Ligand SMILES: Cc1cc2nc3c(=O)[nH]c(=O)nc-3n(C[C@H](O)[C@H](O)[C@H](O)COP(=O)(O)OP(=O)(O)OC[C@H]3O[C@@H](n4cnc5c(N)ncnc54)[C@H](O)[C@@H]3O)c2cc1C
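The chain below stands alone, shown as structure tokens; this is the form predicted on its own.
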């Protein structure tokens, strides 16, 4: 028997390492490949795995198809004003991969990134070690599902799912479902259950809502035309706090429409305030349902006012719509619910994700563990973030403008590599 251990292989060297094979990482790969810059994309699962595995059956885009404009691959289908379904989105993304064949290592997990003694970056991966001159952290912010500790106090016969594991009403047990969280996922899942004739209970948080069509046009068109989507976060009225905001809820379902929770309440959906916890056989809620619905309406009306201002400023002839009138007002703010008496047999936790950067051993985070960056450029030379929410504008991290963010960072990467090459030649 040979008892000699083989020596570990030396690290492979590559000019640029991209961590994450989603829309951000592959947008950067496209720019690098066009420039002939050698690089590797590490993807621990399969490219675009979240779109394949973590979306429910009736999922569709919230923004119109024409906003799918990944680098070199704008939407070219027959319905630019429509909203692609999950399977169509996956087909679009697979076609994007096939269009330029990025150098991706699928099924390879990066377990650590740290500075290298020579000034580059040492990546430890499940496929061996790599040394990169530049590194792009493009693994996204939707990594660890948030489940509150109070979930541990629920009896085992109540099925608990995170929104990323919900698929359809038929897969849920008989009985009512409580959906916790009123962002895009929470509202759309609650509607999915409601439209299937299931009793849905929804905890309404502080997520804003948006009109879909106003004064004769899709609101996305109005906001694009007015330049709102091009406002960098430094110039946004809410400044950097806009990065903390939940996405507006609306839907692309049925050709695209608004989600009015007040109307759904009239139809039988049960609404509550923020989820507070579990106490014996009761769910506890904050007494803030009335306020949260009013805040969502305020956001809705603010967007209408932005459109009104653009129409006035440009002298556009557009039909006038009457003011929004709430269809329903809560008679009181419920603070508890006996879940056994209400027949609740399942819960969908739709309160988001937290990023997981424990594997990044670089001084690029603040005291709250958040990335420190400006347009993706960090204080560590050669290290970049890509795909963050509001990294620069509303479209950052989305199909709409992640390619623009990638192009900006590509300029930094190409300049740094050219400078490094000049220094080598001079030496």
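Bear in mind the structure is a predicted one, so any value in this text is a computation, not a measurement. Numbering follows the first chain given and starts at 1.
This protein has a second form, the form predicted in complex with the ligand, left out of what is shown; the following refers to that one.
A.B. asks: Would you mind picking the one in 82, 140, 205, 169 that has a heavy atom within 4.5 Å of the ligand in the model of the complex?
C.D. replies: Among 82, 140, 205, 169, a heavy atom within 4.5 Å of the ligand in the model of the complex occurs only for 140.
A.B. asks: Between 38, 361, 50, 57, only one gets a heavy atom within 4.5 angstroms of the ligand in the model of the complex; which residue is that?
C.D. replies: By the 4.5 Å heavy-atom cutoff, the listed residue in contact is 50.
A.B. asks: Report whether the minimum heavy atom distance between residue 376 and the ligand in the model of the complex is within 4.5 Å.
C.D. replies: Contact with the ligand, no.
A.B. asks: Does residue 109 make contact with the ligand in the model of the complex, using a 4.5 Å heavy atom cut-off?
C.D. replies: Result yes; residue 109 sits at the interface with the ligand in the model of the complex.
A.B. asks: Against the ligand in the model of the complex, would residue 31 count as a contact residue? Criterion: heavy atoms within 4.5 Å.
C.D. replies: Flag for residue 31 set to no.
A.B. asks: Using the partner position in the model of the complex, report whether residue 22 sits within 4.5 Å of the ligand, counting heavy atoms only.
C.D. replies: Residue-level check for residue 22: yes, a contact with the ligand.
A.B. asks: Which of 140-148, 314-322, 295-303, 171-179 has heavy atoms within 4.5 Å of the ligand in the model of the complex?
C.D. replies: Looking at the partner contacts, the answer comes out as 140-148.
A.B. asks: Output the sequence-ordered list of residues from 58-74 with at least one heavy atom within 4.5 Å of the ligand in the model of the complex.
C.D. replies: Residues within 4.5 Å: 59, 61, 62, 63.
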